[in-house]
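Let us start with two forms of the same protein chain, each given on its own as structure tokens and named structure 1 and structure 2.
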Structure 1
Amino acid sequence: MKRFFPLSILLIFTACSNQTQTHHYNGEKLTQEKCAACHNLDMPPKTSDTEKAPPLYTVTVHLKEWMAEGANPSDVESKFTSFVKSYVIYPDRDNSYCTKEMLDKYGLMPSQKGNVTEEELDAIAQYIFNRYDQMKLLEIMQEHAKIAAMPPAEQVLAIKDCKMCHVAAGGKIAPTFAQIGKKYQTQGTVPIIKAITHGSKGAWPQYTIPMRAYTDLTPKQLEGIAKYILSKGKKK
């Protein structure tokens, strides 16, 4: 017995088979992979005496300003993207928007031909155009100033994920601050600071996931959060 498929079904199958898969390019990941070797990616930007190139924030913001001169605001991003895609592959001192002083200091960037594709550059250009923005930097700096004005313990709770495991989970993922404070009540801050900076593997065998090490906290922040945890373990 012969089976006949409706024409509409056949057309759908045919269309699907002819479609090419589109690849999603992650601009943030590509920027880290392709640009971080020479450019600092932080915001606020960081500089050093050994840097190979100016921070990417500085490059992006200045380039956006130059692109905006005499241009329709709606055209700035496309001009920016087009320039980046061309210049990274074919860097040219005469076509550079850098000042003479910057070019003399860092030199002309080497061509990245063969290291990055046009599609990857398109994703990178779009990402940095939207990422590195003066208003966003101002918001970040204001938030940093707000956090800097907090007591050390509050700073740690604001910038790290402590509450997620030690408060919100209610002791199911990790010991609560009260449990930790009670355990180390007579030992002071030293063992708590050690656990924070080196990780807590083996300290709480009833929990299968040990806390990772947090190595970027200042001594004041470490002492502050340790005292805060101890205060939670005191009998009321």
Structure 2
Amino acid sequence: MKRFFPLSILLIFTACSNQTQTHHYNGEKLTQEKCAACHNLDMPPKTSDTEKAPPLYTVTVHLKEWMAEGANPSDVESKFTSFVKSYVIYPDRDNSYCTKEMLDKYGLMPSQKGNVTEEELDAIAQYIFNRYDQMKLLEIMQEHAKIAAMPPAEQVLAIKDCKMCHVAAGGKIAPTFAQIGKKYQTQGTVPIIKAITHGSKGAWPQYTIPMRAYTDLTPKQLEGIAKYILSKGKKK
């Protein structure tokens, strides 16, 4: 028995640290619920003439820069968290890191006292600190540029999960693209696009799971993936 002891200790520690890290508060969901009414949450950030507040990306990166100045890098997150926790409850013109022009433009942030608890704010601050980051934005933008440069069919395969069922499973959980392409050789792209945008159920009785609808693909991407599927079904 003795040799199992270190492993169980390790497991206990892992379990504990996981628990303190997440508290069972979901920072992403809370930020959506408590902050999105005024702050845009996208990465890259979106701005508009009618926005009520600067995007949370801008706010966070700006604050992180201020707080990093002359500080020990390992202290920045706790400085950031305590500032956010206090500002959201007690917004204060004199305490704000916003420029005077920004404060005049948006007005002071209304106190969120009563809308959000201290524990929720902890989770929110931790989440936004890690999410909104210049290097991460750069990576996301590079990834976007890389995907935008691909042909439309490859874009779909890069951003969606089609391959998981139609390619990797080798015909075990869904028809292969070659089988689908063959079936629609004479009808062309229209029924294929319809299946993707509406979902599909019962067309292939040997497969028991239905396919969900994909509603956010562009017409170009749909046309591209449909032609790709047809090309897979051509006799070689």
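Residues are numbered by position in structure 1's sequence, first residue being 1. These numbers come from a predicted model, not from an experiment. Between two forms, the rigid core is defined as the largest C-alpha subset superposing within 1.5 Å.
- Note: the form predicted alone is the first of the two, structure 1.
- In this overlay on the rigid core, Q187 has a C-alpha that sits less than 2 Å away from its partner position between structure 1 and structure 2.
- Superposition of the core reveals a Cα shift of less than 2 Å for M43 between structure 1 and structure 2.
- In the core-superposed comparison between structure 1 and structure 2, V61 has its Cα shifted by less than 2 Å.
- Relative to the superposed core, N72 has its Cα moved 2.4 Å between structure 1 and structure 2.
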